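Below you will find one chain, with nothing else, as structure tokens; this is the form predicted on its own, and questions on how it binds or moves follow later.
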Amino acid sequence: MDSKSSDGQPGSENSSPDSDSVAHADTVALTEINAKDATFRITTRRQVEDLLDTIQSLGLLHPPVLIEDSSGYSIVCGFRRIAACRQLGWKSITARIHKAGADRFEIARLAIADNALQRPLNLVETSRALNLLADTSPDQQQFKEAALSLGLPISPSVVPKAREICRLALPIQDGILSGTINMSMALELGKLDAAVATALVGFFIQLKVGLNKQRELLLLLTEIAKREDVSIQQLIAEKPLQNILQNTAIDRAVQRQNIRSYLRQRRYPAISKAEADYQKRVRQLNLGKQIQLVPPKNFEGTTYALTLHFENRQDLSNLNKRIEKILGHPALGEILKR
């Protein structure tokens, strides 16, 4: 805690252009730095391979920022840089040190700026930044001003949702970072049991489906689980679904459609049977590309729609003749007598 600066004399510099607190440069033993304290951690990146060569050949071009604590130092900025130095076998580093009594709001702004002003933050990092800022800001007005200056959202409708993201189960956060889960779905999954949410995230990642399909699958799985008194995890782990998921011989789009069809058939057996019977009869009618017969939604009504595609009178005349034949086809009678 009372180590000397790199030149043997106490050094000092402003911690940030907007801060009145003073940091001094010191050489610090890595054993004195508590890397487990993630209070000021914003970055979600853990890999350090991209830093190793540069640090080994050129040293630390941008010294990490630390703050004194009861056992040594906590990291404000430079989690990956310090991890890289440990991996390289370094015993000590030069860092900028803030006193334990430094303004936590200013330190929080510094930690966020170190990340946000270099690159766009992902959703989890934005969530961490908003929570850190809210936890340290003196009041709501200063929170808004600081968030705005750092490029963070300030909308009252967005901030509470965004802040919730970094509190969700880690598998959900991983789903966000992989680009599979967006904020809306993440918050829906956050309402579920952690084990259920974890199973669903893995399911969605494997299928690579968008938000609308995720919602449809979640609804189907939830309703089946409730009706059959089984867990969603059990449903996903069952052989029928796993056989489809593990079938690498089929295209992913076909795989998604097969899973959707299976779940719909299991959730709505009567509708699925009616749809299968309908498709069978339609194939017998041999409508072709210019005629489409549209059934009532979910086969719950009796009104059908017939769509014709034609370019001229001759096309329409030909279609009229085909419709006359269709009217006398037994398959049409089977469809309409349902």
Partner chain sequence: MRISKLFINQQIADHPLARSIRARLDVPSEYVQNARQVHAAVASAPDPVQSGKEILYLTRNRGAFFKRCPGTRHYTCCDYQILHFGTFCYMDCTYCILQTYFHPPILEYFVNHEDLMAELDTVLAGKTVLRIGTGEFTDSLIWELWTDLSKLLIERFAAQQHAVLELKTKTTAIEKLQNLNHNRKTITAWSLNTSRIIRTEERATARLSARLKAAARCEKWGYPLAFHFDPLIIYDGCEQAYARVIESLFSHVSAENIAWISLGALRFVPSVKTVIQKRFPDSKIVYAEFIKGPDGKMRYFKPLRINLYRKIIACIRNHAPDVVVYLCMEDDEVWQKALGFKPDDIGGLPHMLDMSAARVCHLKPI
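Since this is a predicted model, take the numbers as computed values, not measurements. Numbering follows the first chain given and starts at 1.
Heads up, the form predicted in complex with its partner chain isn't pictured, but that's what we're talking about next.
This chain is displayed alone, yet in the predicted bound form one of Leu61, Val294, Ala276, Ala270 has a heavy atom within 4.5 Å of its partner chain; that residue is Ala270. Distance criterion of 4.5 Å from any heavy atom to its partner chain in the predicted bound form singles out Thr302 from the list Ser57, Asn312, Thr31, Thr302. In the predicted bound form, no heavy atom of Ser70 sits within 4.5 Å of its partner chain. By the criterion of a heavy atom within 4.5 Å, Gln47 is excluded from the residues contacting its partner chain in the predicted bound form. Mapping the unseen interface onto this chain, Asp251 falls outside it, with no heavy atom inside 4.5 Å of its partner chain in the predicted bound form. Among residues of the shown chain, Asp135 is not one whose heavy atoms approach its partner chain to within 4.5 Å in the predicted bound form. Residues with any non-hydrogen atom within 4.5 angstroms of its partner chain in the predicted bound form fall in just one of 124 to 132, 260 to 268, 85 to 93, 150 to 158: 260 to 268. For the stretch 223 to 240, the set of residues having any non-hydrogen atom within 4.5 angstroms of its partner chain in the predicted bound form comprises Glu223, Lys226, Arg227, Asp229, in sequence order.
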